[in-house]
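As structure tokens, one chain now follows by itself in the form predicted on its own.
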Amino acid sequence: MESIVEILKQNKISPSIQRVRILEFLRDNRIHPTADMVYKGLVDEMPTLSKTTVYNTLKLFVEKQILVGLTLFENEVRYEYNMEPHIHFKCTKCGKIYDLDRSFDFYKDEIIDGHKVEEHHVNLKGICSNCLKTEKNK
């Protein structure tokens, strides 16, 4: 696995401490966080970190295609380190978003009704396994 510093350098991004920690946070916390969640997850260890730095860094990472910025289910943007095709599942009870690592590769680079598909997302909603277990134990 490439180091975070190497990934940043390969994408011509100066590896500041803030950028490294933001990308490490996303790599280590596959929770599809919002920018605010990233900020809250790092501010205790980096008291000088600003929300503006987090927003600008996430925007840069999306532009350089290191991360994906997703609008899943609502009008908030969430960020994701997983660049492989996968399905998103949002629990309607607890609100958590899970990656379902099901193999699929449909429509990629296909022409459909004259349109070339370059990207696709599959989003599902329901009740996650943890919430189902909790309901059964009541």
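This is a predicted model, so every value here is computed, not measured. Just count from 1 along the sequence shown to find any residue number.
Same protein, other form: the form predicted in complex with the DNA, not shown, and the subject of what follows.
Comment: the DNA is not present in this chain, but in the predicted bound form one of Asn82, Asn56, Asn29, Thr92 has a heavy atom within 4.5 Å of it, namely Asn56. Scanning Ser16, Asn11, Asn130, Asn123 against the DNA in the predicted bound form with a 4.5 Å heavy atom cut-off leaves one residue, Ser16.
Not one of Gln65, Val68 and Asp101 places a heavy atom within 4.5 Å of the DNA in the predicted bound form. In the predicted bound form, the DNA lies farther than 4.5 Å from every heavy atom of Glu110.
Taking non-hydrogen atoms only, Val77 approaches the DNA to within 4.5 angstroms in the predicted bound form.
The DNA in the predicted bound form comes within 4.5 Å of a heavy atom belonging to Leu49. Taking the partner from the other structure, the DNA in the predicted bound form has no heavy atom within 4.5 Å of any heavy atom of Ile97.
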